[in-house]
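As a starting point, one isolated chain is supplied in structure tokens, in the form predicted alone.
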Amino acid sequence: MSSSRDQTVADGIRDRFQDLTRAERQLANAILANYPVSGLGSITALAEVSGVSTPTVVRMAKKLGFGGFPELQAALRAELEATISSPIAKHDRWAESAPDTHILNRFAEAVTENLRQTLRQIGIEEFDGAAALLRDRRRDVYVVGGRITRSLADYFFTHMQVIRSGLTLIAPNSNTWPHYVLNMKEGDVLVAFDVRRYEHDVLRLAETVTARGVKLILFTDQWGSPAAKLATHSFRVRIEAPSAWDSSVVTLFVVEALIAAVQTATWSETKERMRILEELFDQTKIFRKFV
């Protein structure tokens, strides 16, 4: 059923979009435009905002696998609750339902399922499109992360900097961000990381740069950062785990796969950059030599 934690309501809408009628697609777009808040009011209010009839709302809810609109709305409320859960609340919820198996096994099972569900949602076209933007040397690439995800942004930046020039890691202090935006030109790329408890500064940066013609590649979670509506390419990664914190394992998997795709497509240039970098390492004696 669409309300299971394996799939969000938004996932269900996207999966079944081609099967919807014109009116149902109009309704679906209205829901996704301000998701999930748009679906939390009355059925009449949602129908009016979408420009459809209330029976259309009921029909689409059933097409998504729900018994009716109240059941769909309950799923949306559960998703909203999950997105704003504090680390303490998350830990308590997991601890209450934790099975009698070792944490290593429980965590491994959760991460494996996250990977399986994420791969089902990522389209080849989406992945290849993001890789194409990143390997285009006519575009400068800027990378930004949030309070926790900045470590992922740093990891992504460090590897991509070896592959190509024109990379900038945006400092965590948002007061300096206008200085970076000043250097961005139309067609450049911003790679942003934003997961639940979504950060206002990341959304404002995304709004500012996309208005200037910058392409946004977004790494977010299954519920989707508010910045997702602005993204040229968006990766919705499953992040829940039996922990007070969300898991970054699958996000890192997608990041590394994307780095590998860009490196493979630009290997002749990347290989030469790596050769020069190794010479610089030798000159600076940054690494210990055993022979």
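Note that the rigid core is defined as the largest set of C-alphas that superpose within 1.5 Å between two forms. Just count from 1 along the sequence shown to find any residue number. Because the structure is predicted, anything quoted here is derived from the model rather than measured.
Quick note: we don't show the form predicted in complex with the DNA, though the next part is all about it.
- Checking 244 to 252, 49 to 57, 259 to 267, 228 to 236 against the DNA in the model of the complex, the stretch whose residues place heavy atoms within 4.5 Å of it is 49 to 57.
- Interface residue remark: Gly65 is not counted as part of the site for the DNA in the model of the complex, having no heavy atom within 4.5 Å.
- Among heavy atoms of Arg22, some come within 4.5 Å of the DNA in the model of the complex.
- Although the partner is absent from this view, Phe69 contacts the DNA in the model of the complex, with a non-hydrogen atom inside 4.5 angstroms.
- Interface residue remark: Ile43 is counted as part of the site for the DNA in the model of the complex, having a heavy atom within 4.5 Å.
- Comparing the forms between the shown form and the other one, the C-alpha position of Gln73 differs by 2 angstroms or more, with the core used for superposition.
- Once both forms are fitted on their rigid core, the CA atom of Thr264 lies less than 2 Å apart between the shown form and the other one.
- Comparing the forms between the shown form and the other one on their rigid core, the Cα displacement of Ala23 reaches 2 Å or more.
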